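Form predicted alone, single chain, as structure tokens, below.
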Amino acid sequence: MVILGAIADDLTGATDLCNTLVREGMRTVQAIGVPDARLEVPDADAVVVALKSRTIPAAEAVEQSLAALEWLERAGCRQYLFKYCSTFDSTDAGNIGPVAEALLDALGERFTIYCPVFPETGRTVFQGHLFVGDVLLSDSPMRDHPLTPMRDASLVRVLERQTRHRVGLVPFAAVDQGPAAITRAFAEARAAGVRHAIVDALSDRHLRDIGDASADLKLVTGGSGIARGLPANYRKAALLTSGAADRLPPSRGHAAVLSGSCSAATLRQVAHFLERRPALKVDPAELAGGAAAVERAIAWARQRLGDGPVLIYASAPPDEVQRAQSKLGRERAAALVEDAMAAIARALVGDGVGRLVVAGGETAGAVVGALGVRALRIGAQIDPGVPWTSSVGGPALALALKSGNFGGDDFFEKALECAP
């Protein structure tokens, strides 16, 4: 029986959410894209639908999200979660606000909350302002994100620019008092005509208390951390079964790492791997010249896979990214990298790669699409927010799909060492 149905706006964010649910004892399956009737979902407590809707036009994001909601409703879900990045990645046009409003309308609901907090990775919200570590979001590297530059740390202001209805705040003073005070704050916000409430939180305790207070909300929105408090509600209602939630079938074959993310964390991970294992950089300008650059990368990897993991990456510092975007256009530069990584992944899996680490949400989406993966079982955590997964249907392919901002400097090596 599926209890929780979730919609995530990118692939690695969906995996991050799945990881949280599995750690809280929920057997979780991740669907890639809006499922159709042919997808047979294994027995699970939660299904997370991974979309690629974070940076597409808002109308398209709404359409995809409503289609996912319709499928989840048919699956009999009791509660719904809209998951976005813990850095609230969006623009003034959306897509967080428009999608949440559309989901509320479709469910016939008048109120929901927004809480992107994830303390393990340093994301907290205080007085409505999002912090990354000890700096405001607007002072973090997210300020210069190539697709969603976040230059306002006030989530109330950000959301006001994206929505048609009133935005409010459930402040730290209420959250820190526990579930009863949070429940009262929700009721007061509703009574004041607030439809969208940003919720402060600094710790896992706050997240669990918010989850407790959200038991009767049909729709909850936030980062993966907000899901920590929800399984306890299902357990109280005797809806969850016992048993290990993170078991995966064993994987076989070679191992490889593909990285398209240009985040600061991924750049450190690439540098760490470069000191220890073979790696090859692909350049968007070369990719624009035709298929030869992709073919060279595949041939390079084939010669080395038998000796251990290899890395193929397009990750680059901001100045290189800006030069490529200036020359090729932002969308074309990104598409060239995604298409290249997808083609490389398809070729390497065909050559016997059975364990694949992918860095970057857009890259991960392109890779799983090229591999024809429609659903994933979720296994044990590697680093906060990133678990190993296994493809559902066909030969078991182990995949670690990492959001660009996540993981320690040694993430690639650590992931490969603990692969199923």
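Note that residue numbering begins at 1 and tracks the sequence as displayed. All values derive from a computational prediction rather than experimental measurement. The term rigid core refers to the maximal set of C-alpha atoms that superpose within 1.5 Å between the two forms.
Absent from the display: the form predicted together with a small molecule. The rest refers to it.
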Note to self: in the model of the complex, does Leu240 come within 4.5 Å of the small molecule, counting heavy atoms only?
What the structure shows: no
Notebook entry, point to check: Is Ser403 close to the small molecule in the model of the complex, meaning a heavy atom pair under 4.5 Å apart or at it?
Noted result: yes
Margin query: Test of understanding: in the model of the complex, would Ser263 fall inside 4.5 Å of the small molecule by heavy atoms?
Written below: yes
Note to self: How about Val321 - does it come within 4.5 Å of the small molecule in the model of the complex, if we only consider non-hydrogen atoms?
What the structure shows: yes
Check: Though the small molecule is not shown, can you say which of Ala227, Val199, Ala314, Val99 has a heavy atom within 4.5 Å of it in the model of the complex?
Finding: Ala314
Item checked: Contact residue in the model of the complex, from Gly168, Gly211, Gly223, Pro284 (heavy atom within 4.5 Å of the small molecule) -> Pro284
Checklist line | Stretch from 361-369, 28-36, 384-392, 48-56 whose residues place a heavy atom within 4.5 Å of the small molecule in the model of the complex | finding: 361-369
Next item on the list: Align on the rigid core first; then say whether the Cα of Gly13 has moved by at least 2 Å between this form and the one not shown.
Entry: no
Margin query: Taking 2 Å as the cut-off, check whether the CA of Ala93 shifts that much or more between this form and the one not shown after a rigid core fit.
Written below: no
Margin query: So, superposing on the core, is the move of Gln325 at the CA at least 2 angstroms between this form and the one not shown?
Written below: yes
